[in-house]
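Read the single chain below, which is given as structure tokens and is the form predicted alone.
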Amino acid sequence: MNILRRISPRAVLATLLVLAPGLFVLDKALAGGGHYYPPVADAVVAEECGGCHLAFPAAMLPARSWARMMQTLDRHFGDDASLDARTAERIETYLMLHAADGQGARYAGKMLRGVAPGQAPLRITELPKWRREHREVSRAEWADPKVGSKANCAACHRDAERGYFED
């Protein structure tokens, strides 16, 4: 107990100020539980994939899905998202490494429940967990111009760009 009396209030306050941001992030990650997916941490991937939509966390799909998607960039959901070979290779390497069945597996367990081992879904919005989580969203909410599409996670999840998809 003597040691506690020797710690100045300033030292306690300084320690709390240093630790507070980390505790806040830890608290959000724990609270988010199955709703946290590490956001894209590569600048090239974030720029290229985030130019038209949220750069979806790689942990939301298995590597086989990302590989399939990268092979069809010329027909990327109705757009031509073709890239030069070097950029495409960098993005695919990142996605494969951080995919739901790669390093992202720690976060992806619930997201891939109900997806058959050989299945390579291209739309996160078609995954069983995504559908369960969004079943209460009405057609009117999806049709709201502020939402635009089911792929616009940030319309409802304000921290989606930081990897948090809790309501």
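Just so we're clear, the structure is a prediction, and the values are computed from it rather than from any experiment. For every residue, the number given is its place in the sequence shown, counted from 1.
Omitted here: the form predicted together with a small molecule. The next part is about that form.
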**Report entry** the small molecule contact at Ala100 in the predicted complex, heavy atom, 4.5 Å
**Finding:** no
Query raised in the report: So, in the predicted complex, is Met70 in contact with the small molecule at a 4.5 angstroms heavy atom limit?
Result: yes
Query - Contact flag, Arg90 vs the small molecule in the predicted complex, heavy atom cut 4.5 Å - result: no
Query raised in the report: Does any heavy atom of Asp84 come within 4.5 Å of a heavy atom of the small molecule in the predicted complex?
Result: no
